[in-house]
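Here you get one chain, nothing else, as structure tokens; it is the form predicted on its own.
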């Protein structure tokens, strides 16, 4: 179980090669306590590298093959993760950014973004909820985006998928509250990772370890919703109240 100061004994990462997901694991492993880590991801050199790195840090790591688009397998994969013992924290870390202009002009790309970022996230969320309710404790961390809080012309297909995912996990948190299970939605801004490599960093850009620090604090304090970095909450509050006629003229 998660102890009084927010340290877990086990972490599941759905999207086990995600830089943010792995940074979260490393953040929780900092305390020096034995940490059981379950990485659900497609087999790849990146996954092998992640396992080796975490094992060098003293983590006990197991892996399970996982594909976001194979929704029919999600319950089984999550069941395997829980079969090895309680899961204290599950991180929903997978997602696609895609090319913003191609996304609204290609049916295939748009559907892929919707499937991975929304449909798969809902599928995993329902399967996780069932396991956590049986367990009676734990925390689900859903990596959303500020792009879903205010869907903008610059990346509206991606933003719309994150808006749906964001809303689902906020509602899931309310549904699971009587069961003693915490759901935290994390809304990062621009994160400097391989996914955003080659893009010009936006204002208030953060790194994966900085997002991990926000997540660790949110889990410790059982927060429903956090921004990374925190000032983005004020930025998005302002943007939400700007008329669309004015918003469309802004360079965002």
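It should be emphasised that the depicted structure is a prediction, and the values quoted were computed from it without experimental measurement. Residue numbers count along the first chain shown, from 1.
The same protein has a further form, the form predicted together with a small molecule, not shown here; the description that follows concerns it.
Counting only non-hydrogen atoms and a 4.5 angstroms cut-off, does residue 138 reach the small molecule in the predicted complex? No - in the predicted complex, heavy atoms of residue 138 and the small molecule never come within 4.5 Å of each other.
4.5 Å heavy atom contact, residue 158 to the small molecule in the predicted complex: Although the small molecule is absent here, residue 158 would touch it in the predicted complex, with heavy atoms inside 4.5 Å.
With the partner left out of view, is residue 110 within 4.5 angstroms of the small molecule in the predicted complex by any non-hydrogen atom? Outside the cut-off, so no.
When the contact criterion is heavy atoms within 4.5 Å, does residue 28 count as touching the small molecule in the predicted complex? Although the small molecule is absent here, residue 28 would stay clear of it in the predicted complex, with no heavy atoms inside 4.5 Å.
Just give me the single entry in 93, 128, 81, 89 that has a non-hydrogen atom within 4.5 angstroms of the small molecule in the predicted complex. Selected option: 93.
Of the options 193, 53, 210, 63, which one has a non-hydrogen atom that comes within 4.5 Å of the small molecule in the predicted complex? By the 4.5 Å heavy-atom cutoff, the listed residue in contact is 193.
Exactly one stretch in 128 to 136, 149 to 157, 175 to 183, 93 to 101 has heavy atoms within 4.5 Å of the small molecule in the predicted complex; which is it? Stretch 93 to 101 is the one.
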